[in-house]
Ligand SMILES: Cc1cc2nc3c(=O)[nH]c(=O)nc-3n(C[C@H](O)[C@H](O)[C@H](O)COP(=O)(O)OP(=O)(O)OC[C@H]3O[C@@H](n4cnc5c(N)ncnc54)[C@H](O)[C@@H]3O)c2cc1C
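As a starting point, one isolated chain is supplied in structure tokens, in the form predicted on its own.
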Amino acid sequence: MSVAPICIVLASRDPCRAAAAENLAACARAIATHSPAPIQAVVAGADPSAAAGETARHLGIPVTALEIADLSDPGDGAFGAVLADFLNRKAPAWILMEDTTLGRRLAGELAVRLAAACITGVEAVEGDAAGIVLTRAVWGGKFRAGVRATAATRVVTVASGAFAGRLEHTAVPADVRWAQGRAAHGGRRHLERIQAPEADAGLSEARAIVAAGNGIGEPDRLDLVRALAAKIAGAQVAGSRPVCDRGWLPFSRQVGITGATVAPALYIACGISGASQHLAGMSGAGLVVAINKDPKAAIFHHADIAVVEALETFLPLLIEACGQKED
């Protein structure tokens, strides 16, 4: 008797994003550790060939390229119907998707169509004698809840960066198989896709983030934050919710439970107190450097390097130490 697989689902609207694919694969392998099952991936869209091949090479797991004829965008109502029909034939035990606007919408739709359980924003996987327990944030990130699903099929969205750095790559070549479906439009149709400006589109993929919090005190000090980010290759500027609420940074720059969830290799928190909502958004960060003049700031409990100093004193020194930016 074959074991029901764990299926990773990716939309081919964008090229394969390595960090997102790795995050889903690492979560799948965490589930398989407690409940052994084969891991597969499906890349669905109007032209999934390039993204499917990239995913297979990058993850080293079997991939199905699901080509959906007459599909203009995964935002179409037809996308979920075709995907559900394909997954119903595969009969997976787990369906993993990104915890994005599209991922959360599709997860709910797939759960209804497949009579499956739906758990969103999963940050951790654990196992016990009774089975698998998934951990997710609740009450605006103030608490963590353990969720156990008893349905035969579970649709899960995985928080961005929650499993960052945990994927063990293999040299085993992966196959790409082909499947086809046809979009039968009805009820909802994509009209237009408006691309965010490049400066606002890459927080989730940034290698380094310099984030400003309430402790910067005034908007002019964002110039120091920007100057520091300019000295670090691949760095982007972000902010906590109070900074964005004041209009000092756009909401597309917000990190936290109501903003972006990020997993950079380096996260520099400038004047951030360490509220649980913000910590939930940066939980996947690698090296965390916290700069705050309050020695009791909660952020220091989550920092690898803690600097107790006023920003206006320390940041100019750090910027100078980084040297001149090369053209």
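Under this definition, the rigid core comprises the largest set of C-alpha atoms superposing within 1.5 Å between the forms. Residues carry their position along the shown sequence, with the first being 1. Fair warning: this is a prediction, and the values are worked out from it, not measured in the lab.
The protein also exists as the form predicted together with the ligand; that form is not presented, and the subsequent description refers to it.
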Notebook entry, point to check: Does every residue of 254, 278 and 309 put a non-hydrogen atom within 4.5 angstroms of the ligand in the predicted bound form?
Noted result: yes
Next item on the list: Select from the listed residues 288, 61, 65, 297 the one whose heavy atoms reach within 4.5 Å of the ligand in the predicted bound form.
Entry: 297
Next item on the list: Please pick, from 302, 34, 293, 57, the one residue with any non-hydrogen atom lying within 4.5 angstroms of the ligand in the predicted bound form.
Entry: 293
Notebook entry, point to check: Is there any non-hydrogen atom of residue 272 lying within 4.5 Å of the ligand in the predicted bound form?
Noted result: yes
Check: Is there a non-hydrogen atom of residue 177 within 4.5 angstroms of a non-hydrogen atom of the ligand in the predicted bound form?
Finding: no
Margin query: Using a 4.5 angstroms cut-off on non-hydrogen atoms, would residue 144 count as touching the ligand in the predicted bound form?
Written below: no
Item checked: Contact flag, residue 214 vs the ligand in the predicted bound form, heavy atom cut 4.5 Å -> yes
Margin query: Based on heavy atom distances of 4.5 Å or less, which listed stretch (66-74, 24-32, 47-55, 257-265) is in contact with the ligand in the predicted bound form?
Written below: 257-265
Notebook entry, point to check: Taking the rigid core as reference, does the Cα of residue 92 move 2 Å or more between this form and the one not shown?
Noted result: no
Next item on the list: Align both forms on the core first, then report whether residue 157 has a C-alpha shift of 2 Å or more between this form and the one not shown.
Entry: no
Notebook entry, point to check: If you line up the core, does residue 254 shift 2 angstroms or more at its C-alpha between this form and the one not shown?
Noted result: yes
Item checked: Comparison of CA distance in the predicted bound form with shown form for residue 134, residue 298, at least 3 Å -> closer
Next item on the list: Classify the change in Cα distance between residue 98 and residue 277 in the predicted bound form as closer or farther, relative to the shown form (magnitude of 3 Å or more).
Entry: closer
